[in-house]
Structure formats: structure tokens, C-alpha cells
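Here you'll find one protein chain in two forms, each presented separately as C-alpha cells under the names structure 1 and structure 2.
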Structure 1
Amino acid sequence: MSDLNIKTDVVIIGAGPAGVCAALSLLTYSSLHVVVLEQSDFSQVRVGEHVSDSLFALLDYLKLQKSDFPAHCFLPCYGDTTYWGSDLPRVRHAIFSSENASVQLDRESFDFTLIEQLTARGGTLIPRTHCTVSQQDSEWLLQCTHPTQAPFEIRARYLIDASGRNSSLCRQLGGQSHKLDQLMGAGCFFSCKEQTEGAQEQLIESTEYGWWYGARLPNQQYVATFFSDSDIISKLRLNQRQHWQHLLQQSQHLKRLVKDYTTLSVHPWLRNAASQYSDASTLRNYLAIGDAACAFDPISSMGLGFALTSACHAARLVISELEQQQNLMQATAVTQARQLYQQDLHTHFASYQQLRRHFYQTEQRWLHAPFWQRRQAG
């Protein structure tokens, strides 16, 4: 790679599900050349995810079958028990979904299967790569560095930003980002001793400082995560195992559920879970997808489904735009399609904000507490 400078049609920054699915869509429905860049070495712990079973329709669009994934990748989950607004339990489905069934993912197996499909279909993936992005005339220029290779350049006709909610790429390029909160998750994995068959349920439990989420994962594991604002996470020192365990013991219900489980995490992991929306309508030949476009509160169970949906929609738009760039008569239609994509993101996020506000306002027991005060007004 030391003397290799790459010229491609589309470069995608981020090899999470959004970025890889955008690449798969481009490779499946066009002859465009696609390069995916990833900063990490894929060693980061992946948290299991609860998604609607409509996921399989999206995978079908990408020419992927359930059988393409390991057998343990999908665990049935038909609802959750919630202690929210009351000490009495309520059983419900994901609050933003009307589906009758859902699944808990083994995220590591899911993500790596997508990556295997990406390379099998002719896409190029370059991990452990950092880049500086600029636009020159009608091309994107990426100055890339790699820990074991000499610096190299990538020139691309189109840039898709799938770098996640932690990314500042949109702002660096002149777009805008609107952040709703400072939500974070602090979690640990457990090993379950007993063998459990059939449908699984999640547990959600609100407390004075935030709320707990617990769910069975494939491979006889369980995940417990506490969600609160970053300043509260820091004040409670939840990055330290003893403080995280102490807070867990203050819960009323989750502590009983995991009391016989063995903790697997040496230290709690921390994840950015803030809600935010990016506006990139002023940028040419650029689209943001997944969390880089709209990031949602995990209580919504919207993250992965939106990542895949936005990836597929963006890929169709990119195909249309690149194929029609030489046709001046269709340029207006392409511009309108881009504007509609951004408007749809804005409308989707505005609707989500209303649902988020309504849901948090149903909890009235700790109105004096900073976490809940901040959410009463939205």
C-alpha cells in the first residue's frame, strides 16, 4: 500500500452496519467501485442489540438470508418488562415499534458476516486508517495514514459518512450538528449458568439517576447497561467496577435477575448514546447515514434499523446521482432527491423527539433529580 494511491467512485468512512450495508447496496445494485475505511482494528467490544424482525426484510433487499449468518446470531425476543413510572411491572414491545416479534443480535457475528459479504462482492475494506478529508473540484481527496504503511491518498467521486455518533466529520466539512443530550451507557457482560430456551425478554428499570437496561444475548450471555448523562456517569464513577456494581445493587429488580450470573467484564465499558441530528444539505456529493445522520436514544430500539434503512436509501440516491451527473436535464431531479433525503431525516428526527419527550415525561417519581429534570422539557 506504500506506493498505492486509490481512485474510486465511492468512499465510505466507517465499517459499522450502516457503512457496510451502504457498500453492499452499491455493489449489489450498481457497477460502482467502493472503498470502505475504518479507524479501528475491530477489537472494540460490541454490545448486543435488540431490533425488530423487520430487519430480515432489509437483509433480503441486500440479497442476504438468515442462513448466511451463524445460527446463534439471532435470539427471539418478544417484549420487555418495564418498571417505569411505577413500581408495578408493565410488559410491552419496543416503544417505537408495532412489530409482533423482535430479535436480540450477537453483534460481533452480525457485523463480521456483513464484512465478509462486503469483501466477497468486490468491495475494498481498509481498517486501522485515519484520514483528513477535503474537496478538490468535483472530487473528494482523503489523505490517509496507516500504522504499518506509508501515507496514501484516495480520490473519490462521492463520500458517504458512516462514522457514527462520535464523528465530527460533518461539522468539519461545513455541515451542522444538533445535539439533544449527553446520554451515555455504562455496562457489563455476564455469563448465564442455566440454559434458557424460547423467547427472551428485556428488562428496563428507571431510577433516580437514569435507567437500567438488561437483556439476554446469544451464547448464554447477559448484558446490563446503565444509561445516564455523562456528568452523572462521571460523578458516580461508573467506569470503575466497584461503583458500577454498587449502583446495580441499588436497583430493585435487575439485581435479582443477575444475582446468580458471573460478571465477565473486567471494567465497565462506556458508550456515547446521545441523541443528535446532522444537516449536510449544503455539502455536494456527500451523504451521512446511520448515527452520523441521526442518532437515537437506545430506549427507542431504532438505531440498527435506521442504520440499515438509511444506508439503503442513501445508496440508491448515490447511484442515481453518479449515473446522472452528465445529464443536465436530470440534474434538477437529483438535487430535489437530495433535498428530500435531508427533509426526511429532519422529519424522522422531529417525530422521534416528540415520542422521546412523551416517554420520559411518563416518569414522575424523581422530578428533583437532574437526569429527569433535563428531560421534562424535551
Structure 2
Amino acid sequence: MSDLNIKTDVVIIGAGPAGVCAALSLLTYSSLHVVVLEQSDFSQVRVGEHVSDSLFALLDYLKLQKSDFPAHCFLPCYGDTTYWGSDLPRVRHAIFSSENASVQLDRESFDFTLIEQLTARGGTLIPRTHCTVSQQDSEWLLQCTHPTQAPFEIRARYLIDASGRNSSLCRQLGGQSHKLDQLMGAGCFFSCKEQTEGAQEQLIESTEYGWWYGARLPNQQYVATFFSDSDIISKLRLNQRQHWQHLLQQSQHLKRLVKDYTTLSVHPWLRNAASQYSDASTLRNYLAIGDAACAFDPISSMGLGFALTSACHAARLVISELEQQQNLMQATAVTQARQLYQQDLHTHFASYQQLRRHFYQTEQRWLHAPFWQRRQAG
């Protein structure tokens, strides 16, 4: 029972880059009413900051200029070193990217500016909201709870799932998801106040158990993350600070880089980073975008770019579906468009799989270690 209700055309679950950009796209190219639900209070630090500069073309489509973002939001990449396949330093894009130019994002500025644009364009975003989703008549019914508000309901004609890598919503609704691996990141934040100019900004270093990724963040912080499979992470007990530190001390390069930094994280955080592909093409009035549709190994730096492209494509599809729903003649066209969307995702994911195999095959030093062995076959 609820006193409060919202009716909307499109409800988007998850206010990550994918969800917010889908909303922006809908608000910019249609007059549909959009509500975005976010479970968190945005206090969790956002990770993933390395993107190809094709990002700007996507922002342009969303009618956003570089100047709409704070000046420090985009930093050029420099001091970007990789120890992968050998103990010799290489620049990162020589191994992991076909593109030349890439940028380093200040994720907080980037994400928060997108959110401000969303409100400026008339969208609604409700943080700290959890919902249960069901279908009623031909509508989506979301029963929502919020820490300060009475329970309320949202009814929507269309649901966009931008809830990130867990893809629990998709599976709950009867879609399927396929996981390629069990990759996870275990990371800690450091404060690097005494940082000297021109120091190392970013570093990738492979080890027998997986690989390290270190990156300088805004606000004189540094993040170091160890990526490996979840069974290995739990065997090494990397959720515990002393084991994580111990492993860090076994690295060749990263340990030297962070040796003067103070750890800010009381205990390491863990994030899912598995590669996976979800298929929900059987669900009506539902689309998954961003990590909820396809999630990529962070080594590929594809996540953010894909979050934005899939958001824009999905928005276009939603607009055509909702605007044509009155016109039954167009039903087949709609179905075709949906299939095309899913097919696109599929193709994209297939080519990613090749790329991923290629990345991991470049590292030949620990072929018998489970982490690398699992990745040779692809």
C-alpha cells in the first residue's frame, strides 16, 4: 500500500554513466518522461578512468561539449607504463589499444556533471532508492523504498536496465547472462600528498597470480588494484589488508611507486570485473545497457565507451518503440530493430573476446599458473 505514485514513460535503473547517458539521450531527442533510480548515495568512489578519446564524439551526440565539464575533468595520459609480457617497460597503448589517443577521467567530475545535465534537461534522478520490479498489465511496476520517504510506486512503459555488472535484474526477469571468467579487482586507495612532479601516473604490471593496475586520481589520491579470479583472490585472502599488502610487496614496480603513500582504505575493497554478456531480447519493453548488457575486462578500457554507445543506441530504440506503439503496423519494424540491437551487442562482444584473448596471450611468462592458463584458450 502506498500513498505516493509516479507515472513515467521510461524508468532507468542505475545512475552510472550508462543510465545517465541513456536518460540524457532520451531527454534530448524525445519528449518522453524519464526517471532514473539509483540505489546508492554516490559515496562510493568510482573507478575506471582510462578512455579512448572517441568519447568526445559520443558526448557531442549528447549535445555536451568539453567546456560543459570542469577543466580538470579530462587529463591527457602520460607516464603510462606497462610491464606485461616482459619486465621491460612499454607504453600502455602499444599493447592494449588500437587507438592512439586516450584520456584520463576524473570520474567524480565526469559522472556528476552528467547528472547535473540530466536534471537541467528535466529528468528526475532519485538516489538511495531500492526497488522490486514486476510487470502489471503492459506496464512495469516498481515498488520502491527510500530511507527517509514512505514506500512509493513507479509505473513505467519502458524499463532500461543500467544496473552494472551484477546483471541480477536481467536474470530475475528471465534473461540470460554468460560469464567468461570470474575476474575481480581488490584495491586500496592511497593518499600521495608528498607526490613529486612528473612522477609515474599509471602502471600495469602482470604477476603470476594476476595483474596490478595503479593509477593516479584527482585530489592527490592513488588507487592500486589487483585483478585476478575470485577463487584466487579468496585463496590469497586479499580482502584482508595484511595479505593484500604482502602481495603488493611481492610486486616489482608498483611497490616502489606507492612506498611513500599512506593507505586510506581500512581494508581493501572488492569489485566484480568479470567479462560477461547478457541477452534479454525475449523481454518486451526492456533493454539492458552498459555493464548490465556487456561487461569487459578493465584491461581493455572499453567499459565506459561501451556504456555511452549502448546508452545512445538503446535510447534511439526506445524512442522509436514508444512513439510507434500506437501504430501496430510498425510492430515488425520494432522487433527487427530490437534484434538488430541485440545482434550488434553480440558482434561487439565477439570481437572483444578476440581482443581479450590477444591481450592475455601476449603474456607468456606464467603459462602454468591457473590465472594465465585459463586465459590462453579464450
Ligand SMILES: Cc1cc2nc3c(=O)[nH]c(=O)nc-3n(C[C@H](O)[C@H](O)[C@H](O)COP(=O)(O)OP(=O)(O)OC[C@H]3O[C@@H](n4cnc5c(N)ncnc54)[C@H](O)[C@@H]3O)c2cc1C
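Predicted model, so just to flag it, every value in this text is computed and none were measured. When a residue number appears, read it as a position in the sequence of structure 1, where counting begins at 1. Throughout, rigid core stands for the largest set of C-alpha atoms superposing within 1.5 Å between the two forms.
In this pair, structure 2 matches the form predicted in complex with this ligand, whereas the other structure does not.
Core-aligned CA deviation for P268 between structures 1 and 2: 2 Å or greater. The rigid-core alignment places the CA of L254 2 Å or more apart between structures 1 and 2.
Relative to the superposed rigid core, the position of the CA of P298 differs between structures 1 and 2 by less than 2 Å. Comparison between structures 1 and 2 places the CA of G187 2.4 angstrom away from its other position, after core fitting.
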